[in-house]
Ligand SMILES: NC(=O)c1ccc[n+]([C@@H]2O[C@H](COP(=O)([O-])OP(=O)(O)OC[C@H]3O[C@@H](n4cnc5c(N)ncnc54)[C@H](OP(=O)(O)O)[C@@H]3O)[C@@H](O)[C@H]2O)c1
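Only one chain is included here, represented as structure tokens and corresponding to the form predicted on its own.
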Amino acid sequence: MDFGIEGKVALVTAATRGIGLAIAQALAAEGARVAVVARTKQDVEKVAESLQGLGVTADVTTVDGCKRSVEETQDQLGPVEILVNNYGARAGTSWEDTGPAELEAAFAGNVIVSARMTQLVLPGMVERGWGRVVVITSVYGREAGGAPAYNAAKAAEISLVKSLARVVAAKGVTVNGVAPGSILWEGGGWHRRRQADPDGIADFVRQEMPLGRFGTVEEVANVVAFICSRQASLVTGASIAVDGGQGRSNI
């Protein structure tokens, strides 16, 4: 299937490893011109070269970093037509180590970053009459579980998606959330946990993962690529679980 996004300018945050890297690769495979944004210059340049795209070294947790990401992309590739807000931050692990500071950090590193990046590109999308905004949330934004501050921040992102999608739906712009479950990739959190406690993680997979395995970054990226397609024009305001049945939410 041709997703109809060849030549479209796509900006992906936190795009040098894990899910973000896979998303950048999937969009590039569909012919999009991809700008990859991350903080480590060497990694950014390496990934950008592999995709024949643009690398932007920036810290999107700052106002200047967000602005630089968008401005450099626009200067080098053109107006951003697809935005994937993949950057996310954790703070605290349980209520024992979670207080106001951790909640503030989680909201700043998730909701605020996604909102700021979206607000920078949305006016242009609306003016041109076409755009795709995707926020990578989490299965734990859809239901209880996980670290409390992260859970609350991801739930807030899902609310942001729904609210904004309704405002711009008639203007050719879709806004959607993609909520991965437990995804395994080398160097990622689940990879480190499995190395530290292989038996415990094996028990987790048996009890919590109906497919009997972790998800892959490519499986998440494929869904994101479709959401960015012309064929997905009726899909907006959604929180799409990509979790192999791990989640227990009915909606």
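Position 1 is the first residue in the sequence shown; the rest follow in order. Not measured: the values here are computed from a predicted model.
Absent from the display: the form predicted together with the named molecule. The rest refers to it.
Stretch 180-188 is the answer when you ask which of 199-207, 221-229, 180-188, 26-34 has residues with heavy atoms within 4.5 Å of the named molecule in the predicted bound form.
This chain appears without its partner; in the predicted bound form, the one residue of 171, 162, 90, 116 with a heavy atom within 4.5 Å of the named molecule is 90.
In the predicted bound form, residue 10 stays away from the named molecule, with no heavy atom inside 4.5 Å. At the 4.5 Å threshold, heavy atoms of residue 50 stay clear of the named molecule in the predicted bound form, well away from it.
Taking the partner from elsewhere, residue 195 is found to have every heavy atom lying beyond 4.5 Å of the named molecule in the predicted bound form. Proximity of residue 70 to the named molecule in the predicted bound form falls outside the 4.5 Å heavy atom cutoff. Each of 16, 59 and 137 comes within 4.5 Å of the named molecule in the predicted bound form, counting any heavy atom.
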